[in-house]
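Read the single chain below, which is given as structure tokens and is the form predicted on its own.
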């Protein structure tokens, strides 16, 4: 293990003494590292460690204040992303940069300098997406795609550019394990052809399995450079945070009275590409965490919308502590104690251009008394936003910062903290640790366990099976809009989970 890297080795990209500052924040400080031909190089660090700022400079979105960058030994100082792409740099963003109203092919064409005729482009998209194991229909409108499918669009758009340096920011966050394995098979093929890959991920076992080297950032500085395969995930996490990871505490919980009952919940698909919910039934008790797993696009977003009140259902289908909430919208359900945090944090859970204070008002206004008789208590709203920032370690200069200015992981911590600190009776969360570093993921998961310990019921919808097994007391699988009967997670094997995720609903008996 060494700090920095040997800049004398042939490289595709290298940085020397890169620095970048914002008001009140030193985002990058004297960063030097290199990425070699044919290498999958991990860039690790906590949320807010400076990873996103660094790759934005490589891609031409941000200009460094000091230092130099080189691409294929030539000075690299792109004025904008177009110049970076022309030089051979492609980037898959963590937050999707897609137009909902356009089709897959139209979105991909927008990212190309000289797109081919539409029919030819559609054929290329179809061929490349199937070769990579990430099938896409070029004619589908993006608004109809799940988060996992939108990520596929970003990946295919970049790979069509045949880049020399491919930057990937959390590309597998919303992919299934099988999709992720196929993606890595493709990355290895690209690497074998000499493409350099700069890979950002908080999935440390993924890094250990697939990356050749790792550069670790902490507070904007390079603190280590190592072979991740030679270290455990816990060791890598300790390097990132500068200390040992805390253990999850599952103690002190026991199931109490039934809080939430869902019976016969059936809803049509919201659009031609959505998923209909089919006779959903579940119960949730006080102090319990119910885990719901499934491959992206099997009804996760539709189920959260039905539980949160974004979509109404027929009477008697959603009951909280004996009160029928089926026809109620989101705000009455929040007042009653049923809260939700959706998967799409930037656009659904938070308004990108609103400050953190304003985003706090969106969901906590009534429960925290931030709005009274139609008037906003700005002081109370600011204090609540500050409390969320403090208690959930959100790295930001202050509560007046716009949501879009936060790193993905820090915004996720803010969204989860905003809901948890309202003391809900029932909290439904979708992908609670998507794009969150190992330390922050442990903190978010602990907050959900603590909430259940205090007597709340929690539903965790996630594609991360390890997360579900770690958190939940019972497990259900969602497949094509149907929810399997729940089974205890204790002793649950991955083979059995695989059967459930594949739709083998009749093989499981409910054991409550």
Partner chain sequence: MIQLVPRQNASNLWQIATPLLAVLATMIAGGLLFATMGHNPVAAIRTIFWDPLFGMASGYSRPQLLVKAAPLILIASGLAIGFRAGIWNIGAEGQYIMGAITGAAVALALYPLEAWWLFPAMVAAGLAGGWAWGMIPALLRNWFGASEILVSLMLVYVAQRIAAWMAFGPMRNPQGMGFPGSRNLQQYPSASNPELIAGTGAHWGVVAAAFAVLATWFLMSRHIRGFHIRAAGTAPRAARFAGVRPAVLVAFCLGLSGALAGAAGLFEVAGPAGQITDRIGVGYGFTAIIVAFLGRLHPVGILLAGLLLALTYIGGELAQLTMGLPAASVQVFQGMLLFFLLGFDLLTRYQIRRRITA
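Predicted model only: the values in this text are computed from it and were never measured. Residue numbers count along the first chain shown, from 1. The term rigid core refers to the most C-alpha atoms you can superpose between the two forms while keeping them within 1.5 Å.
What follows is about the form predicted together with the partner chain, which we do not show.
Note on the partner interface in the predicted bound form: the residue among 351, 269, 281, 102 having a heavy atom within 4.5 angstroms of the partner chain is 351. A single residue from the set 273, 131, 310, 393 has any heavy atom within 4.5 angstroms of the partner chain in the predicted bound form; that residue is 310.
With the partner omitted here, the stretch from 289-297, 123-131, 352-360, 136-144 that lies within 4.5 Å of the partner chain by heavy atoms in the predicted bound form is 352-360. Contact check for residue 331: a non-hydrogen atom falls within 4.5 Å of the partner chain in the predicted bound form. In the predicted bound form, residue 342 approaches the partner chain with a heavy atom inside 4.5 Å. Though the partner is left out of this view, residue 301 does reach within 4.5 Å of the partner chain in the predicted bound form, counting heavy atoms only. In the predicted bound form, the partner chain sits beyond 4.5 Å of every heavy atom of residue 323. Contact annotation for the candidate site: 373, 378 and 405 all lie close to the partner chain in the predicted bound form (heavy atom within 4.5 Å). Annotation for 55-73: the only interface residue with the partner chain in the predicted bound form is 63 [heavy atom within 4.5 Å]. A displacement of 2 angstroms or greater separates the C-alpha positions of residue 81 between this form and the one not shown, with the rigid core held in common.
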